[in-house]
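In structure tokens, one chain follows: the form predicted on its own.
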């Protein structure tokens, strides 16, 4: 470099001017060529869950055909006494309730009772003991009868079905039909002056009235059995009274039972 130019450069460096001069920009590296991306894996479509198998309907109950498991109507009609009828039907398996019972609950009381009480079906205590109305509801029924000046032994107590429905449910119509002939023969043999139905089920199955018991209680009905028309007084079931233990419910049942007792006390020729 010539001396004048070097001197000029040195002077600029002394003044700090050369340090302000930007260094030439380095060339930018070339942008990389984009590489083709690998295709995303194709997911197979989600498989639909297999349909659940439809549970097969339970097989229809087939009653036995022997005379013990399925007593013939002629044998039932020919029973000459309650004890004879009991002997004929105590092995009954004519409906699905039979195989599941512990004991057959025939009914009990005075064979010539003036008042017949008809309930729905045996509960747990009745199934164990083989007697109708022996649980809490039965104890209340005994008190009701006692309030009328009577003992339970002076009446007769039975049910629409004679075997306990599972979980104390209402008897199915086919179960009630299978057992109803036995009850009707009991009525023919006892010849009560009046029947007291306890709850909606006996009113529906024996008398043929499907109206709610709240509407029908206290209203006289009639049922024809063995050529006789028998007055029927519908009232609440003792189990309902225990659940709804109000003055109104207790008064209603008391009025119904008093009416039934008054009818039963009428002279036979009236």
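The model shown is predicted, which means the values in this text are computed figures rather than measured ones. Residue numbers count along the first chain shown, from 1.
There is another form of the same protein, the form predicted in complex with a small molecule; it is not shown, and what comes next is about it.
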In the predicted bound form, is there a heavy atom of the small molecule that lies within 4.5 Å of any heavy atom of residue 237, even though the partner is absent here? yes
Would residue 133 show up as a contact with the small molecule in the predicted bound form if we use heavy atoms at 4.5 Å? yes
Taking heavy atoms and a 4.5 Å cut-off, does residue 120 contact the small molecule in the predicted bound form? yes
Looking in the predicted bound form, any heavy atom of residue 175 within 4.5 Å of the small molecule? no
Choose from 142 to 150, 81 to 89, 112 to 120, 189 to 197 the stretch whose residues reach within 4.5 Å of the small molecule in the predicted bound form, heavy atoms counted. 112 to 120
